[in-house]
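So this first bit is one chain, no partners, the form predicted on its own, shown in structure tokens.
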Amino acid sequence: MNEAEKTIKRIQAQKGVEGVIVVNAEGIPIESNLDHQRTLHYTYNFQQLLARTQRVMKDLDPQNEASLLDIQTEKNNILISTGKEKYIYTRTIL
């Protein structure tokens, strides 16, 4: 088991985690524990949100880049982490 697989399993084991999606650099989901339709839906929307966020970050500071986007609502906490691959997961706040 490689380091990425260990990280995914650790995230999935956390209380309240509903899903983990790993996306390659081209935006194609390469691993997910959600059904296919939800995976594609979240992947598309998160890619759009991340792209807009990164454009705003570049406008504010061209030398800076977003590496973590944390979205909190009353019911959910969504984290999007960027790197060589993008790890996306949702967790219900209890």
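Because the structure is predicted, anything quoted here is derived from the model rather than measured. Residues carry their position along the shown sequence, with the first being 1.
This protein has a second form, the form predicted together with a further copy of the same chain, left out of what is shown; the following refers to that one.
Using a 4.5 Å heavy atom cutoff, none of Lys9, Ile30 and Asn33 lies near a further copy of the same chain in the predicted bound form. Contact check for Asp59: a non-hydrogen atom falls within 4.5 Å of a further copy of the same chain in the predicted bound form. In the predicted bound form, at least one heavy atom of Ile78 sits within 4.5 Å of a heavy atom of a further copy of the same chain. At a distance threshold of 4.5 angstroms between non-hydrogen atoms, Ile71 is in contact with a further copy of the same chain in the predicted bound form. Though the partner is left out of this view, Glu26 does not reach within 4.5 Å of a further copy of the same chain in the predicted bound form, counting heavy atoms only. Looking at 51 to 67, the residues that come within 4.5 Å of a further copy of the same chain in the predicted bound form, counting any heavy atom, are Arg52, Thr53, Val56, Met57, Asp59, Leu60, Asp61, Gln63, Asn64, Glu65, Ala66, Ser67.
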